[in-house]
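Heads up, the chain below is alone and in the form predicted alone; it's given as structure tokens.
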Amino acid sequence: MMNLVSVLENLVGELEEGLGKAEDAQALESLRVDILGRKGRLAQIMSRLPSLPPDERPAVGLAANSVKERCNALFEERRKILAAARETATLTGFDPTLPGLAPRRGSLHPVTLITEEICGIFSVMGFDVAAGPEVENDYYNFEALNMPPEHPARDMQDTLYITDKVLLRTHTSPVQARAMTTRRPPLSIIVPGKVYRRDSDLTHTPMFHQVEGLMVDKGISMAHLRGVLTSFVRSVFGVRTRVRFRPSFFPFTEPSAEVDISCRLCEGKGERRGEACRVCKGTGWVEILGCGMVDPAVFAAVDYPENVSGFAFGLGVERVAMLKYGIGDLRMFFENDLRFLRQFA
């Protein structure tokens, strides 16, 4: 028994010698594992305990516990000494007169910035901001907008269906129908929000943002539509921006048009540095939104009186942001690359 107790006591002396040589946390941990680890020297000595006579085991066990406590205390004392030394070394090289490091300033996402700008412009014109559900039913997304089940325009939407009658809205236009079922004219609203389609490439994503607009009252004409949208475009892109309206087709407006603006990169010239402009493909024009006079069938679906008229328009927020900020890849808006986002601080 005495031999085993002596071996245990010798561990303390060896530990004190080893701790004096340990100059960093790594060396300290290596020494701790060697002495007190699960397979360390103390554990190896204690594995011999069952072979001792029963009357000798309590004394050896008490000695082992005492050695373990003393070793832990020595380790803790050395750990504190090393920590204090590291802190002193750090403070020695610290100059309190140096200016502090300011935290990085965050910023709103470019899509949020453009959405707020668009809503602000139309709010000044008297439009209210409206919202609606992103999980929509077939009636409001299609039928109330003059797209019955057999209508070919449904194929243009690349719809993500949940059930036969429930889907992720393909545009923000359903909010127009919902608003007209609960509010009577005069009515002027814009509807910012997310929309979903089965599409993904350089210029399309399965989820993107739109802003829809609607104005209904007596005597509303294409002249009002042209004036509102021209004012909006020049508020976003500058007063020198040229605007043109091209005939188009949308099932819920008649007549319908697409709005183009003069290319910002080549200033409408169609070429830049002797080559065709990569943004407008040499035409000098870039499509920005679709619009038109509300189709009478839509008014009939929401039981609006026949003596009112109105216009509607819809634009992609990401497209406006790409044109305004000169961004070439739509996917950059959704990759969360801080190098890209910090440019908008």
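Being a predicted model, the structure only gives us computed values, none of them experimental. The first residue of the shown sequence is 1; numbering continues from there.
Omitted from view is the form predicted together with a small molecule, to which the following refers.
- Figure note: of the listed segments 229 to 237, 125 to 133, 72 to 80, 246 to 254, the one touching the small molecule in the model of the complex, with heavy atoms no more than 4.5 Å away, is 246 to 254.
- Taking the partner from elsewhere, every residue among Q176, Q210 and A312 has a non-hydrogen atom within 4.5 angstroms of the small molecule in the model of the complex.
- Although the partner is absent here, C291 lies within 4.5 Å of the small molecule in the model of the complex, judged by heavy atoms.
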